[in-house]
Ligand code: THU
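Only one chain comes next, encoded as structure tokens, the form predicted on its own.
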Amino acid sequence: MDLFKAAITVRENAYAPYSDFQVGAAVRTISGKVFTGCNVENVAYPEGTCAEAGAIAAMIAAGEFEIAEILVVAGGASKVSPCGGCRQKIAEFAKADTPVYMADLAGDIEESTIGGLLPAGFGKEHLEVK
């Protein structure tokens, strides 16, 4: 899977001097383009950026607005899934059945969907006035 290769490659660029937990993400858009991101920590922990957020920002900067699939890879004891904030960010640009792949460094991949990871999520429809 080329998403895995892209995510594991960008993971090497992660800036994680505090947690030593490098994460890479790769997003494929509906046009077929792939965008990557890695986590960037900050000494003020809440000010860091997740890998998924970086990949989504690169996608938006390139003028793409719909995620076809996303893969996240990290080196922990188990596969890492997107955090709650990143699930919300992914949902902003994806359909409920959009695949979310979670991989370990060996390339073992688990699949879910953003709807499965964020059931009953907050969406645009909540902002509609009755």
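So that there is no doubt, residue numbering starts at 1 and follows the sequence shown. Note that the coordinates shown come from a computational prediction; the quantities given were computed from them, not determined experimentally.
Note that the form predicted together with tetrahydrodeoxyuridine isn't included here; everything after this is about it.
**Student:** Among C50, A94, M59, M102, which has any heavy atom within 4.5 Å of tetrahydrodeoxyuridine in the predicted bound form?
**Tutor:** For this set of options, the contacting one is C50.
**Student:** Counting only heavy atoms and a 4.5 Å cutoff, which of 116 to 124, 103 to 111, 5 to 13, 19 to 27 contacts tetrahydrodeoxyuridine in the predicted bound form?
**Tutor:** The contacting stretch is 19 to 27.
**Student:** Please tell me whether any heavy atom belonging to A68 falls inside 4.5 Å of a heavy atom of tetrahydrodeoxyuridine, as the geometry stands in the predicted bound form.
**Tutor:** It does not: once tetrahydrodeoxyuridine is placed as it appears in the predicted bound form, A68 has no heavy atom within 4.5 Å of it.
**Student:** So in the predicted bound form, does any heavy atom of N39 sit within 4.5 Å of tetrahydrodeoxyuridine?
**Tutor:** N39: yes, in contact with tetrahydrodeoxyuridine in the predicted bound form.
**Student:** Contact between S81 and tetrahydrodeoxyuridine in the predicted bound form at 4.5 Å, heavy atoms?
**Tutor:** S81 belongs to the contact set for tetrahydrodeoxyuridine.
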